[in-house]
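Only one chain is included here, represented as structure tokens and corresponding to the form predicted on its own.
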């Protein structure tokens, strides 16, 4: 390069959070929080209880409006958008407590997800019946593909309310896949999941990541985070404390102080 200039590679961030703040009755849940998530990564967020992790997720997904700061997704500012508008931009989230439609089957839970279904709008009753049937067929075929990918096809006719905690977590991920997201926010996916389903969950996240999906997850299970996520972001008192690999996180004295108060 001329004049001794070095070429620097631009990092592709899918999500950027800048100076984010959220106050609840004088309590700062999120405090001047700034962090970025690289496209194509499985990024973990850890931190002690009250660190602001779930509040941050609620801000990113539009369930809370920030008092201050900016949220950018795919170079578009989204902090003023409502949850359904953020979903339409292909940023989806799951919840720590699954929000499945309990009295509907697994298959029905999936087929309800895609946006702008022709059969949902009365205006479309004047369309040729074949158009609506064709779209419904495409949605069912996509649901079959998702069920096979997550390996819960055998549960397609089971009522969602009858599933185990781990199976409901897998259903949550399957529901997000029906919206074809670019990025998925996972809120404690390992909570209440037994060891065998935990292995299945980790395998599914890795498989989806290989298809180009970006993940940002909150988790208290340190083994899961350390084995699955890179990088890992540590939060405390509503803001980012540090970011690094599992090896770097384990050695950092600030992380020990945040967790143990030493």
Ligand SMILES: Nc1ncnc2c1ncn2[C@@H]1O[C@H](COP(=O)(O)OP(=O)(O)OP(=O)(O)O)[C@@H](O)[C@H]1O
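Numbering follows the first chain given and starts at 1. Since we're looking at a predicted model, the values are computed, not measured.
The same protein has a further form, the form predicted in complex with the ligand, not shown here; the description that follows concerns it.
Of the stretches 27 to 35, 209 to 217, 223 to 231, 189 to 197, only 27 to 35 has residues with a heavy atom within 4.5 Å of the ligand in the predicted complex.
For the three marked residues, 153, 161 and 168, no heavy atom of any sits within 4.5 Å of the ligand in the predicted complex. Not displayed here, the ligand is approached by residue 52 to within 4.5 Å at the level of heavy atoms in the predicted complex. Proximity of residue 48 to the ligand in the predicted complex: non-hydrogen atoms within 4.5 Å are present. For the partner-free chain shown, nothing in 193 to 209 comes within 4.5 angstroms of the ligand in the predicted complex, judged by any non-hydrogen atom.
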